[in-house]
Every structure is written in C-alpha cells, then in structure tokens.
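Read on for two forms of one protein chain; each stands alone as structure tokens, with the labels structure 1 and structure 2.
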Structure 1
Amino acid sequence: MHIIIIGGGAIGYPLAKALGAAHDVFVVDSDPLVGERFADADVEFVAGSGANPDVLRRAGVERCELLIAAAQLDEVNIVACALGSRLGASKTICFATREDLLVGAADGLYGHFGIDELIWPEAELAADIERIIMAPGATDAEVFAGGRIELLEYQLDAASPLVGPAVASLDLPAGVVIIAVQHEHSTSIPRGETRLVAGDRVVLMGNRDGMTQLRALIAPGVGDAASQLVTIIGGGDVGYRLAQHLDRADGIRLCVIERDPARGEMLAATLSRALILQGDGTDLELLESEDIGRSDVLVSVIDNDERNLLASLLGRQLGVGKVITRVSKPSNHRLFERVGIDVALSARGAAVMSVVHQIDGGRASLLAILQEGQARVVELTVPAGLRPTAVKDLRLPRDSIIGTVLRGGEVIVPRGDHLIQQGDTLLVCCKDPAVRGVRDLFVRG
C-alpha cells in the first residue's frame, strides 16, 4: 500500500516505523532535520509542507491509497487531507487537537475537506480515564456491544481470591472469563493450568451481571463510583474534557488544579459544580493545604511527563487511593508503573496502534488495546460456510482466546464444547503475533 504521512513527530514517527517494513511509506515534514530521524527506517522522506500540492505530488499522492495527516497544526492537517483527496488519495485520516473540530464542525470537515476519518487522541484519553474512574478498584475498563459486554483489569494483591489456584479451578461468576494476564512485564493468554500470583494484572471479560458479581468478589471494600472525590491536575484539553463529563455525574465531587489564571477562570465559568484551584499541581504546600490526600482518585494530565510524574508521586505520598497519569513518551510508561503509579495512559500510543490495525488487521475490527500494546481485543464475524464447530476444535492460535460470543441479543461466554457457528460475532483477545492467525482462521471459514 502506498501511504503518505504528514508530520514526522510524536504520531507520524511511530506510524512510519510500524508501517514502513510492509508498505510504501512517504513521510512529509516542513523541517528537513526531521528527516534524520528516519535514516534507519524503511521510508522515504520529503521535505516540505503537507499543505503544498507540489510537495504532495513529490510524495506520489496520485497513487496514494492512504494519506494520514498527523502534523502539529490542525489547519495543516485539514488542508493536507483536502488537497490529497482532490489529487488522488483514496482515503484520508486526519488527527486533530481541538474540540471545535469535532463538535459541530465534523460534518463539514467530512463533506467539504475530503476527510474520511477524524481522530482526536486527547478525547479518547479522557474517555478512557472516565471509564477507569467509574470502575473503582480497576486499573482499566472498557465496554462493548452497547454496554452488554464489560472488560475490567485488576492488579491482584496477596489476599485476592484469584491468587493461588489454577485458573481452571477458580470459582468465577457465571458469564466471566480471564482473557489476559500480565506477570511483571510479560503478557500471556491464560490456560487452565495457569496460576496467578500477587502483583499480576489480570484482565477479565463478561456480561454485565457476571461482571457486577466479579467486582464484589475482587474489590469488596471499594466504595461506590458515584461517591468519589476526584482531583484533576491540569485543565488543558484532556483535563477540561474529563472535568466536563465528571461535573455532570451525580455524586462525584470534583476539584481541578490549573496553573494558568486565564484558563482557570474559563474552567470556573463553564463547570457548574467543580472546585477550581489556581496553582501548581506539583507544589507540595498547595496539595497539603487543600488536603488532596483525601481524594479517592488523582488524575494528572499535564502535558509534560516529568511534572506529571512528580504530581502523581506527591499524590501517592499524601495518601490518594488511585493515581491515574498521562504519559506522552512511550518509553516512560514502564517507569511510571514501576514507581507506584496505578494507571499510566498514552493517548498517542493507542491512536497509533488503532491506525496500524486498520491497515494490517484485515476483517478483524480493533476494540481495545491491553497491557501497553502487548495484547488486543478484536471483533470478528464468523463467515457463511463454517459448519458449527466446538471451540476446542477451532485450532485457534495459542496466544488467543475467545472472550465472548454475540448471537442475536444473547451474550455467551463460551467453554471448550460450545459450538461456534456462522453469523456469530466473536470478541477475541490475542497477542500481536496471533492476530493474523485468528483473522485467517475465520476468513478461510
């Protein structure tokens, strides 16, 4: 596939590295020095603006099958998509950083600027954080199929009822299955003989009733989501969007700490119930004077990894129950978790993996990315022509497991003798090397 990526920065660079080996990739950036980053990558670098039609022609736009606009300026991305679409690009994906491009104006962008898909990583990050906040005790949370299927991740302590016995002998609620386990920094798909130990992060999937019972089993002492005190450090795009949603949630008590006075005034004018504090979220004296340690959840979403880490560690030392932190540099993700941060999330990393899966994932739709990208949940529809086959006879790749089956309005957590039949929608958890095997298995029927 001939792919043009506009911008070689925080999004464009990892995209190009991931796609360069299997595709004909051209990277366009106005800074010639950016080209030095791609010296060892299997891509072509074109110096110039993505909003210049001559530059796009030099990158082969007339034969381009996918143009990805990921420059720092939204205006450049919009113009690049508009020009690319008119000059021959078959499909365009536009990354955006501003809310006004997605709320109210999105239809116009699709209709008049040739944009096929609009991605706002900051909005996706805010939604991820909100789901985790509303699942007390969990370190990750997702919902699928209109809320009929839930996914939760927990870090196990020594007292957890899941620690010790083999997975096959665990007394899990009906309609719940363990789909992934992270031990230290390695993720695996569990088998019947797998035994969980304290410190493991375990991912479970199931129907709503089963997951409700699971929460009572794994986190019995955790309070109700609607009675939490949440403190957000950083009122930028992510912090503001998250605050807007939590401000409307019944029972949530919300505090936002913002360093910029003008931004703080805007937050105070638009949030009806939140307490807005003007100050530095890394100032220990401020955090102590406002008794931030009482918070059930501290969310640090400053656009700077070092300050996020400092604010999070201060919150942890003051006694905050759960700490959720934004990570901009993927290399910092493991560091944040090693020093005791409960949840470290990267908006850009998830967005990059989502785009790569669109290109290389075939008929399998990506639903969720787990364990720092080591595993993913994909959705497949069983094609016509597959005779009813028991799960144990499907010959699934070893690093994969069927989490749930959607059949009409029914949600099924299958066992080994359960029959899979044509028309079923499968939610499969698999490690990256197994994605192609899972997809091909059902494409062949």
Structure 2
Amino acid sequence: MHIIIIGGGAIGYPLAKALGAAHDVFVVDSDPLVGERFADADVEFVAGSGANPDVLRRAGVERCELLIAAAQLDEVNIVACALGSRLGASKTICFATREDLLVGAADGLYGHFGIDELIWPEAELAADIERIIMAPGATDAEVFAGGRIELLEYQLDAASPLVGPAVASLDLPAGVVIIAVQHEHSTSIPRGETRLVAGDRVVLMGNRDGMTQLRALIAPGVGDAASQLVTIIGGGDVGYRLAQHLDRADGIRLCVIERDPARGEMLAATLSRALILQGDGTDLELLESEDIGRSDVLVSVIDNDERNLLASLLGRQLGVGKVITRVSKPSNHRLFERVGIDVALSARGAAVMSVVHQIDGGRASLLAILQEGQARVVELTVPAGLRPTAVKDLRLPRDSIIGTVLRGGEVIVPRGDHLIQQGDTLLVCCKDPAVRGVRDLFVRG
C-alpha cells in the first residue's frame, strides 16, 4: 500500500517504523533533521511542508491509498488532508491535539475538509484505560466485533485455578480459550500439554457470557467491574475524558485529584457523581487522609512521567489494587512495569496502535497487538469456494491458534473437529513470525 505520513515526529516516527516493513511509506517533514532519523528506516523521506501541494505530489499523492496527517499543528494536518483528498489520496486520517476537533468529527462535519477519520491520541489512551478498568484484575483488555468478543490478559498468582494442570484439562467456562501465554518475558501459543505457572501472563478470548464467568473464576475477590473505587490523579485531557466515561458507568465510585483549582472547578461542574479533590497527587498526606489506598484502581495520568511514577508508587505503597500509569517517553515504559506498575500506557502508543489496527492487510487485518508486540490478533475471512474443513485439517502454521469464529451474528469458540466454512470470519492469534503463514492460509485455497 502507498502510504504518506505528514510529520515525522512523536507519532509519525513510530508509525512509519511500524508500517514501513510491509508498505510503501513516504514521510513528509519540513525539518531536514527529521530526515536523518529516517535514514536507517525502510521509508522514503520527502523534505517540505505537508500543506504544500507540490511536496505532496513529490510524495506521490495521486497514487496514495492512505494519507496520515500527524504534524504538530492541527491546521497543517487539516490542510494536508484537504489537499491530499483533492489530489487523489483515497483515504485520509488526521491527528488532532484538541478535543474540540473530535466533537465535529463525531458529528460527521469534516467531510468537506477531506478528513475521513480524526484521531485525538488522548481519547485513544482514555479508551484503553477504560477497557482495562472495566475488566477488574486484568492487565490488558480488548473488545472485537462490536463487543461480542472479548479479550483479557491476566497475570496468574499461585492460587489461580489456572495454575497446575495441563491446559487441555483445565475447566474453563464454555466459549473461552487461552490464546497466548507469556512465561518469563517470552510469549508462546499454548498447546494442550502446556502447564501454566504462577507469574505467567495469559491471554484469553471468548464470547461475552464465557468471559463474564471467567472473570468470576480468575478474580473472585475483585468482584464486578461496576462496584469499584477508581482514583484518577490528574484531571487533564486524558483524566477528564476517562472521568466523563466512568462517571456515567453505574456503581463505579470515582475520585479525581487535580492540582489546578480552576480546572478542579471545571471538573466538579461537569462531572455529576465524581468527587473532585484539589491537591497534588504526589502529596502523601493528601493521599493518606483521603484513604486512596482503598481504591481498587489508581490511574495516574499527569503530563509528567516522573510525577506519574511517584504518584503511582505512593498509591502502590498505600495498597491500591491495580495501578495504571501514563508514560510519555518510550524509554521509560519498561522501567515503569519493572518497578511494580501494573499497566503503563502512552497516548501516542495508543494512537499509533489504533492506526495500525485499521490498516487493511489484504485478507488479514490486524486487530490487536499483545504482550509488547510478541503476538498479535488478526482477522481473516474465509474466501468463497472453500469446502467445509475441520480446524485440525486446516494446516495452521505453528505458533498460531484460532480464537473465535464469527458466523453471521454467532460467536463460536472452535474445537479441533469444528468445520470452518466459506464466509466465516476467523480471529487468529499468532506470534509475529507466523503472521505471513496465517495470511497465506487461504490464498492458495
């Protein structure tokens, strides 16, 4: 696919790296220094402004299938999208830095700007955090097929019912399957004889009923998503957006700590049930006097990695059940999880993922990346003309597993003798090297 990325900065660079291997990527940036960063990447760099039609033509805009405007200025991005769609780009994605722009996009008002989709990274991060909160005890959560299929990742402790017996003999709820296991930082696709041990991070997929039963099984003490006490430190863009969503969720008790008094008043004015505290999230005295340690989840989303880390560690020290932290610098990511933060996420990472998710990879489109990129979930549609074939006869590549099958409106978790037929949509989990094999599965057939 011919892809143009405007802006090679904090979003453009990781995007270009993620997409460069499989696609023809052109990066447009007016700063020559940025070009040097791309010297080692497998992409074409075009110097110039994304708002200049000649520059876009040099990047081959007339053949472009996707234009991603990820420069720092919203205005440049909007102009680039408008020009790009006029000059022949078949689809445009525009990154924004302000929530206001998202409102117009949600109402479908940006068609005449040539913007097909608008992404505000903070919203993607807030959505990711919300999914994790709504799955108590889980360290990662995704939903597919409009919520009919759920994916959860759990870190197992010694008391977990999943620890011990071989996977094949585990008594899992109907409609649930284990699709990946990470043991000592290395991910594998489990087989029937695999045994899970404490400390492993397992990824499970299944239909909604099955996953609801699973939650009760794995995290019985945690209870329902709906009766949690959630504390958000930092009422900025991410904190506010997350709070707005959780404020509407029944039964979740919400507390937001915000340092700026004026911002605090705005939060108190717009959130109807949340308790807003004015103070510093790294102030131990405040955290203690407000009994933050009783929270089931602590979300620290201040705009500063160091203070986020401090607030999160204080929360952990006070006994918070789960700590989710925003991390801005990619180099801090590993450090955060190493010192005991359950989930570290970045707005840019979330935004980059959301774009990567969407890019159509032929018949196999990527739905999710699991366990620091060691495994992924892809979606394939079984082409017409395939005779019904049992799963065990499909000759799936090693290190891949069919998680669920979507047939019409039905969600099926297949066993080895289930028949796959034309028109089925398969959600397959595979390790990175096996992706090509999975993609090619039905091409010859």
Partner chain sequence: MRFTNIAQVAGRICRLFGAAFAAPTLVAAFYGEWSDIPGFVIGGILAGAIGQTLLRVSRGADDELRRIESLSVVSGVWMLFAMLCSIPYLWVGFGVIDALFEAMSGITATGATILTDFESPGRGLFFWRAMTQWIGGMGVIALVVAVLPRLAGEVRQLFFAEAPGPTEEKLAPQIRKTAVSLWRLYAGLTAAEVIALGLAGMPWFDAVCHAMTTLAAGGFSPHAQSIMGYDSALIEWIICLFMFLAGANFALQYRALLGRPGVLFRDDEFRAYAGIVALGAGSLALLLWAAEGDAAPLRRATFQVLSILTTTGYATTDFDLWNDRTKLVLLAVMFIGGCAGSAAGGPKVLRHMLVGRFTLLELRRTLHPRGVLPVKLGGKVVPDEVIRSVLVFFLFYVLTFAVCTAVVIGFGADLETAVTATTGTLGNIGPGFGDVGPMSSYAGLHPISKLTLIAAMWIGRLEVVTVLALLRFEVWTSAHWRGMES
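Every residue number counts along structure 1's sequence, beginning with 1. All of these numbers come straight from a predicted model, not from anything done at the bench. Here, rigid core means the biggest group of C-alpha atoms that superpose within 1.5 Å across both forms.
In this comparison the chain labelled structure 1 is the form predicted on its own, and the other chain is not. A movement of the C-alpha atom of Lys392 falling short of 2 angstroms is seen between the two structures when the two forms are aligned on their rigid core. Once the rigid core is used as the reference frame, the Cα position of Gly293 differs between the two structures by less than 2 Å. With the core superposed, Pro330 shows a C-alpha displacement of at least 2 Å between the two structures. When the rigid core is fitted, Arg63 shows a C-alpha shift of 4.3 Å between the two structures. Core superposition places the C-alpha of Val43 3.5 Å apart between the two structures.
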